[in-house]
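Just one chain follows, in the form predicted alone, and it is written as structure tokens.
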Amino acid sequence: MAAAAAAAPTRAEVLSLFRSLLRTGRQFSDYNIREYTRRRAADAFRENRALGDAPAAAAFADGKKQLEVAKRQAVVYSLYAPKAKSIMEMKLQ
């Protein structure tokens, strides 16, 4: 069982994790948090692009933990959503 945990994730698994992080980020009502989540996910995946098998497995496990944290935070933020939109979200008239 330990060998399966240390195996490098497949490309499909990595892309699925990336898409899940982006989808979870879109659930935040606050513009700044949505953009931070998107930037952080993209930067982390770009930074870890060339990792070997063992470090890639560790980074993938960390990414899954971060996804769970982001999902919980999205729920909490939805309970306390701001009443007014950010200036970045307002449309020019």
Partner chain sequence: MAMAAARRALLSHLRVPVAARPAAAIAAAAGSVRAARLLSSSVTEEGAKGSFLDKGEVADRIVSVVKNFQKVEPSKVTPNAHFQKDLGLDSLDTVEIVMAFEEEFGFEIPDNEAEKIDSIKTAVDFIASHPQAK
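Residue numbers count along the first chain shown, from 1. What you are looking at is a predicted structure, and each value in this text was computed from that prediction instead of being measured.
What follows is about the form predicted together with the partner chain, which we do not show.
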{"query": "4.5 angstroms heavy atom contact with the partner chain in the predicted bound form for A61", "finding": "no"}
{"query": "Any non-hydrogen atom of A12 within 4.5 angstroms of the partner chain in the predicted bound form", "finding": "yes"}
{"query": "Interface membership of R26, the partner chain in the predicted bound form, 4.5 Å heavy atom rule", "finding": "yes"}
{"query": "In the predicted bound form, Y31 touching the partner chain (heavy atom, 4.5 Å)", "finding": "no"}
{"query": "Stretch 22-45 - residues with a heavy atom within 4.5 Å of the partner chain in the predicted bound form", "finding": "L22, R23, R26, R38, A42, F45"}
